[in-house]
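Next up is one chain by itself, shown in structure tokens, the form predicted alone.
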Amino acid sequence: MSKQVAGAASLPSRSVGSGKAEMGDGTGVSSTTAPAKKKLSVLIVDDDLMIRTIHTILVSRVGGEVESQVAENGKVAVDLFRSGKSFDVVLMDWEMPVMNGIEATKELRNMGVSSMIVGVTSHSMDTEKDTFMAAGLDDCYEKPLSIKILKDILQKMKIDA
């Protein structure tokens, strides 16, 4: 698990040189290294500190290369994407101050964000979940999530967890 500071930019990796590994004898033999495995990035959006903590711990325990970042409301999440951040999965709470999950999800979709957005809510009635889904969610679960549900979410993305 790696926490990132909101608004902090990641620098793109750059190749320098010919792309060949120089051997001790200067022959310039091509290097054939396996590509680095991409880390899965998860944004946890919830105003409840306890839920953010639980979900952060679950993400760190799911296995594989996973990093997470938290946002305490939908506006912070939208602002992260506007600043150029991107995430593979967004775990989005429904009821939050400033900007709720429905508003944030609609805004992210209007911005063209194609990340998997998963609603995480205390609302248990199907009609309530349908309302949240209509905002543009890919899926919706009751909170808090479990390790099994989180693994199921990642499996839908065909990510080995």
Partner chain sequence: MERNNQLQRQVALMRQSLFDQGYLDEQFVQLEELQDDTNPNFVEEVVTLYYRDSARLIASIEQALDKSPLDFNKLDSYMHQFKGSSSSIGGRKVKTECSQFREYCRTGNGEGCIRTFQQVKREYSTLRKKLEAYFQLARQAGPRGAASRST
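Positions refer to the first chain, counted from 1. Bear in mind the structure is a predicted one, so any value in this text is a computation, not a measurement.
Missing here is the form predicted in complex with the partner chain; even so, the following discussion is about that form.
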{"item": "Any non-hydrogen atom of I51 within 4.5 angstroms of the partner chain in the predicted complex", "value": "yes"}
{"item": "The partner chain contact at S122 in the predicted complex, heavy atom, 4.5 Å", "value": "yes"}
{"item": "is_contact(I57, the partner chain) in the predicted complex, heavy atom dist at most 4.5 Å", "value": "yes"}
{"item": "Distance check, E95 to the partner chain in the predicted complex, heavy atom within 4.5 Å", "value": "yes"}
{"item": "Listed range touching the partner chain, judged in the predicted complex by heavy atoms within 4.5 Å, from 66-74, 41-49, 130-138, 112-120", "value": "41-49"}
{"item": "Contacts with the partner chain in the predicted complex - residues in 134-148 whose heavy atoms fall within 4.5 Å", "value": "P144, S146, I147"}
